[in-house]
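Two separate entries follow, structure 1 and structure 2, each one form of the same protein chain as structure tokens.
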Structure 1
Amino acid sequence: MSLWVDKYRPTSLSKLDYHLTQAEHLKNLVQQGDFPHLLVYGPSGAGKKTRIMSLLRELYGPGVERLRMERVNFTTPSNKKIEITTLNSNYHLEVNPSDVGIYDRVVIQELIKTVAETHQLDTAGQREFKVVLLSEVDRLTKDAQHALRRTMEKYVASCRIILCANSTSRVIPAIRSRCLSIRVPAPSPEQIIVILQNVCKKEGVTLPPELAERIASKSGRNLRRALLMCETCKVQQTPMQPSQEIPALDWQTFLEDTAKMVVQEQSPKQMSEVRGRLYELLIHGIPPPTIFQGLLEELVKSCDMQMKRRVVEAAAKYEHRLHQGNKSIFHLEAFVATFMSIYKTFMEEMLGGM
């Protein structure tokens, strides 16, 4: 049994649920039998991958869904051996180069070259090019992105590259100018409700409209999360009740509690306890930027406007450092400490003024 998210994923461009004009455009694109390099971007859970896969299916037929895993080995110039897992079908190859950290340049150079230099043997009834799908391009190093630019131009005859990213801010302009960029906005809450209802109907369960609405608003316009939430609700209680509690993610509650602790007391002792909790979050694989965002959201709630500004400023500063360094706990802690100092000074001033 698979999750609803996978079970009801649309497999062709004509079956997509929203952004229909865009689907029409994509169809136009494929019908000419050829397309330029693509850069697909949008927030997570908006359906980027779904669109890419349906595009490929439209292009090559059902063969693209027969996937196999392969492990590829590379040797960096400094003689370090690296290994990366690729997911490929006969027609395309999917890889997440940021898996190998700073060695992503080697992967890009070698992998695309090998794919691009092997021509399809039998061009009759097949496309003349293969597709390389690079995910999380915004996490590539600058080096790797530079390596990508000329490669994209050079092998355009035998290879198309589809880049998938959350935002284009981190993609260098040289790459953006070489791609056709496709924006995939998150579905609106109304669209999410319609999809939830449809899926539930197919599953044979009734979804109360009030619950659907609540799920949609709580999912933050992330369709994947909405579907997962809906399925959790169903597992928890069938038939579903309109007043049913939607289980919150436990790490989110944990983070909220942590933020509350910071506001409660500002002292070195409290700091060390907060540190323990932050470690806990990191150990459980919550990405540091998400922790940062969550902390900020909670912390500013108990501030007035002027303090908010200072807190946000500090957050921006430390969040930036977080991406430069690689020990995230330092920066998280620095932010918490800064907040404590801002908050405490403010409180003392208030008391002194009284």
Structure 2
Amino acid sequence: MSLWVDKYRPTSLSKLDYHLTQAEHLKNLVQQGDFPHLLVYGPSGAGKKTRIMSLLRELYGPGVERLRMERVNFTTPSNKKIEITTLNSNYHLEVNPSDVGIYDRVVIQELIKTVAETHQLDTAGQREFKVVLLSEVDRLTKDAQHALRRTMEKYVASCRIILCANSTSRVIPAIRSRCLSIRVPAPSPEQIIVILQNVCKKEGVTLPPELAERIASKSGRNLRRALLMCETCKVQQTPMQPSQEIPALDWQTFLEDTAKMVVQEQSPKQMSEVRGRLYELLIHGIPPPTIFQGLLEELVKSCDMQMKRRVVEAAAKYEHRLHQGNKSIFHLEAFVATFMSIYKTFMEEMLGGM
């Protein structure tokens, strides 16, 4: 049994539920002879991957859905062995180069070269090029992005690159100028409500309008999260009730508890425990900006207006540094340490003045 988010994922451009004008533009793009490199960007849960896979199906047909997982080995210039997992079809390859950290440049150069030099198994009626889909391009190092720019130019005759990113702010201008940029905005709460109602109708479940509105609001316009919340509500209580509780995601609860620990005690020992919890969140794939936002939202609940300003300034400073660097734990930890210092100083002044 598959989750609703996978079970009801649209498989073609004609079946998309929102941003229909954009879907028509993508269909026209496929019908034109010259298919460009693409940079698809937008917030998490907006439907970037769904649109990309629908676009590939429009290009090559249902063959792109017959996927196989492969492990590819590379050797770095320093003779270090690295391994990365790819998803392949006969027509495209999907990979997240940032999984290998600072060695992403090697993966990009070797992988795209291999794909570009390998002919398709079935060329009857298909395109003359294969597609390489690179996820989380905004997390690539600058060296990897410059290598990608050179590789895009070298193999343009036999290979097209589709880049997927949450934001273009960390993608170098040389890459942006070589791609057709496509922004996928987050769906509106009204669109999310309609999709939830349609999915529940297909499942034979009644979704109260009040509950649908609350789910759409709590999801933060993330459609993936909204569908997961809705399915969880259905599992917990059937039939669903307008006033039933919407369970928080495990990582959100974990993050809230971490913020409470920071407020409860400001000491080196507590800092060490918080660092371990931050590592746990990162290991389980929670994006650092999401951790920053969640921490800030919880921490400012314990601050007065003057303190809030200082805490928000510190969060902005360290989040900016996080986007400039690669080791996110350094900047998360620095923000927590700064908050502890601000909060402890404030409490000592309060107690001293009494």
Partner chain sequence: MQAFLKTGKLGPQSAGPKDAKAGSSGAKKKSAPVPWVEKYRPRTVDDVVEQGEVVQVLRQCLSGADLPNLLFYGPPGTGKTSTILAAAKQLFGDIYKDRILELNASDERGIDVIRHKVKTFAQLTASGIRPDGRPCPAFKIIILDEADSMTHAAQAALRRTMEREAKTTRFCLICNYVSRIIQPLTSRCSKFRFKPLGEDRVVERLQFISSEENVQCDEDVLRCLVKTCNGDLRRAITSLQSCTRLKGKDSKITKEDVFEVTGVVPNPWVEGVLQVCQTNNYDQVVSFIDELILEAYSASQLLEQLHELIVLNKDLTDKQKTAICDKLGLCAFRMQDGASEAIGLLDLCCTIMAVYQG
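Residue numbering: structure 1 sequence, from 1. Just so we're on the same page, rigid core means the largest C-alpha set that superposes within 1.5 Å between forms. A quick note: this is a predicted structure, and the numbers were derived from the prediction, not measured.
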| item | value |
| --- | --- |
| Between structure 1 and structure 2, the form predicted on its own | 2 |
| Degrees turned by the smaller rigid part between the two structures | 20 |
| Shift in Å of the C-alpha at residue 271 between the two structures after core superposition | 5.9 |
